[in-house]
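Presented as C-alpha cells, the chain that follows is alone, the form predicted alone.
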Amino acid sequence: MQIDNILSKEEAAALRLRALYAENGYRPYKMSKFEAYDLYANNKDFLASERIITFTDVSGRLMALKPDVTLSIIKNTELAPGQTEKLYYNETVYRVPKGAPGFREMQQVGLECIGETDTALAAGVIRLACRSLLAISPKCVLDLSHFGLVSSALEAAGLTGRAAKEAVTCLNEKNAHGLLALCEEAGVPAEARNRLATLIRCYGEPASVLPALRDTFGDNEAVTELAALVSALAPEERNMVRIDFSVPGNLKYYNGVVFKGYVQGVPQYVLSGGQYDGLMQRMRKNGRALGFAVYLDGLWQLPEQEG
C-alpha cells in the first residue's frame, strides 16, 4: 500500500523529510514542549512573535510552551572547539502567526547546522532546502537573498535605526518609489542610492541576476558567496532558485544567506531559513549557525494529486 494513501499530507511529508535529513548525515534531536520563560524573554528580538503561552510549574518557576525550536537547540547543544553539529527535528511550536486571531499549534520539520561551518556546509543546507521543497511538490521555488549585501548597502547609504528599518520594509515590498523618497529625505548620495535600488530591481534566475550584482557591487563578499552557493547546486535545484532581495527577515537575527520556499497551491511560504550567527554570539556559543524549518500546517491546501 502506498504511504500517501494511509497518511495525511502533513504526516507523509514529515516522514519523507526526516528520511532525507537522516540520509545526509543529520541526527534526530528531541526536545521538551516547554522551556524556562527567561530563554524567550531574553531573546525576543529573535522570535517571530512576542506573544508566548506561559504557566507556573510546581517549583514556582515561570515556564513557556515553546514558540521557537532554534533557541532551544542552541541553548541545549554543547559544542567542543572545531565541532560541527548537524541536527534535524520534528516538533510542534505554539505561536500567533501573522494575521491570525490567536495562538496555533504549528508542526514543523527542520534542521540546524551549528559550530564550525563554511561555504561547503552552507551549500549543503541550501541543497537540502531545495530537495525538501521537491519532496513536497515538483512545482516549487526557493527565493534566495543575502543580508550581508543588504547590510552593506544600508551602511554605505548611512541609514541606521528607524531609517534602515523603513528601507528594509521598502525592499520587502519592492517599493522603489518609497525607497527613493526615503533616500532623498536622508540625503543619501546617488551611488549609494543606486545600490539600494539595484536590490529592488534585481530578481530572477541567478544567471542573469549575479552579473548585474557584480556590476553594481563589484568584488563584494556576499555576491561571491551567493555565486558559490548557486554553483554548488545540481541543475534541477539551480532551476528552482530565484535571487530575490525582497525576502523578509529580521536583520537582528540573520546576518548572511536568507531564503524562503514556496510550492504551488499554498499561498504562504512553506520553508524559511538562513544564517544566524548573531544568535550564537548572544547565547555565548562558539561558531556559526545555519538552518531552516518546513511548516507542515499549510500542506492541506496542496492539490490532491500532489499530496
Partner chain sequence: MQMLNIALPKGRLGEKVYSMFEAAGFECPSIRETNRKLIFENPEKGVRYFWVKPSDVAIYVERGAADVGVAGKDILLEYRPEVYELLDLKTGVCRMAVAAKEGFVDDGARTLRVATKFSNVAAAHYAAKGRDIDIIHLNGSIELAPILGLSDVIVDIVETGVTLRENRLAVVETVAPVSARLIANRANFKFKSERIEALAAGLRAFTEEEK
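Numbering follows the first chain given and starts at 1. Keep in mind that what you see is a predicted model, and the values were worked out from it rather than measured.
Below: the form predicted in complex with its partner chain, not depicted.
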Q | One residue of 266, 39, 53, 31 in contact with its partner chain, assessed in the predicted complex (non-hydrogen atom, 4.5 angstroms) | A | 266
(Q) Let me test this: is every residue among 143, 162 and 248 within 4.5 Å of its partner chain in the predicted complex, going by heavy atom positions? (A) yes
Q) Even though its partner chain is not shown here, does residue 214 get within 4.5 Å of it in the predicted complex, heavy atoms only? A) no
Q.
Taking any heavy atom pair closer than or equal to 4.5 Å as contact, tell me whether residue 131 reaches its partner chain in the predicted complex.
A. no
Q.
Is residue 172 near its partner chain? Define near as a heavy atom within 4.5 Å, in the predicted complex.
A. yes
Q. Is there any non-hydrogen atom of residue 203 lying within 4.5 Å of its partner chain in the predicted complex?
A. yes
Q: Specify the contacting stretch among 229-237, 113-121, 133-141, 206-214, defined as having any heavy atom within 4.5 Å of its partner chain in the predicted complex.
A: 133-141
